[in-house]
Structure formats: C-alpha cells, structure tokens
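This document starts with one chain, in the form predicted alone, laid out as structure tokens.
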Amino acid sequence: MKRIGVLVSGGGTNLQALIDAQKDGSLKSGRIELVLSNKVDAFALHRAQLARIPTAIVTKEQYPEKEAFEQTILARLKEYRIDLVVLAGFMSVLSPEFVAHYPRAMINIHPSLIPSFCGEGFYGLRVHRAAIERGVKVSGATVHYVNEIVDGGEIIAQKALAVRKGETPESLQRRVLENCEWAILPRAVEKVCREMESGQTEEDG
C-alpha cells in the first residue's frame, strides 16, 4: 500500500473526497499518511485532524526563501516516507527541482479541461471566469501528473460538464468541484497507487 501525502492551502473539499474514498474502500491501494498545508488557518487541517491523519504546516512566512520553503516541505514528506504526493488546492507553484524528487509520483487536480485555461495565472475563480468570458459550452476538471511545466504533465483523468446559460464563475466553480473534481480525484489516486504497486502503467479505463 502506497503512502500518500496531500498538500493543501484552503478548505480541503478534495481532501475530504479522498478521506471519504479511503473510508468506503474505493481508495484501497494507498493511504493518506500526511496532510501538509502552507496556510496556518486552512480548514483542510481540521478535516485531517478529524480523520486522525497527521498534519504539518510549512508557510512562506516561516521560510521566505523559496529553497528553504521547499526543502522543509520535502523533509516532511521524507519523514513520513511519502510515495505519492497529491496537490489538492495547493496554492504554491513548486520548482522543477522539487518536482524532480517525485517523477510520476506527484499529481494535481485542475478545474478545467486541460489544455484549456491552464498554466501560469490560471487558478481558482480565474479559471472559471476565463471559461465563461470565452463562451465555452463545456468545462470540467483534470487530474494530471506534475512536471516542470505548470499544468503541463500527462493527463490521468478528466470529467466534463455543460456550462449553463447565465452561469457565474462562482456557480461554475461549485458545480465543477462537486460533479467533476470530487469524482475523478479519488479514482485517479487509486489508479496511480495501483500502478505504482504493480510497477507498470495501465491504460485508463
């Protein structure tokens, strides 16, 4: 069973989806062993504590220099012997040097259908606002491997939904979160953990 570390910054609803999947057995090839936040007041920490999952806090206020910030995060991940790192609303872009420590062992969830509305500057409501302004008819979410390019790694899973007439960035964000992100993230984590255990890449089915 693979040891999972989840990096968070906010409310942690995607973390909750993983915790729930772990409880109901749909996430069975890995187990969350650490939740690390770069924000001291992230509600995700409370969710982890309720689930009796160890937590850690590493902030840029504590470590203003990027190298020290990332080295401290890396030390925590090594301390808990983390095999797979899941970025679940982690609002800090990690350097290529950091990412290199987890080749095909770090994944991220992004609230659009990559390659649309992704990369530097596309996060949170900005993604959904851009989608609405562009007039797209379909949006969704993507889980992908993390590499040195922001949102540029290989796609693991996607789920789409129709953009409604009169949609606001806030309403689209909520619907993508509830209908797409919460659905595909646990499945993608289970798939990657299973592949890591078997040592081979499966075709996404």
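One-based numbering along the sequence shown. Computed from a predicted structure; not experimentally measured.
Beyond what is shown, the protein has a form predicted together with a small molecule; the following relates to that form.
- When contacts are defined as a non-hydrogen atom within 4.5 Å, none of 30, 83 and 186 contacts the small molecule in the predicted complex.
- In summary, the region of this chain contacting the small molecule in the predicted complex, judged by heavy atoms within 4.5 Å and restricted to 72-80, 95-103, 129-137, 108-116, corresponds to 108-116.
- A residue is said to contact a partner when one of its heavy atoms sits within 4.5 Å of a partner heavy atom; residue 34 fails this definition for the small molecule in the predicted complex, lying far away.
- Mapping the unseen interface onto this chain, residue 177 counts among the residues with a heavy atom inside 4.5 Å of the small molecule in the predicted complex.
- Using a 4.5 angstroms limit between non-hydrogen atoms, residue 14 touches the small molecule in the predicted complex.
- Taking the partner from the other structure, the small molecule in the predicted complex has no heavy atom within 4.5 Å of any heavy atom of residue 190.
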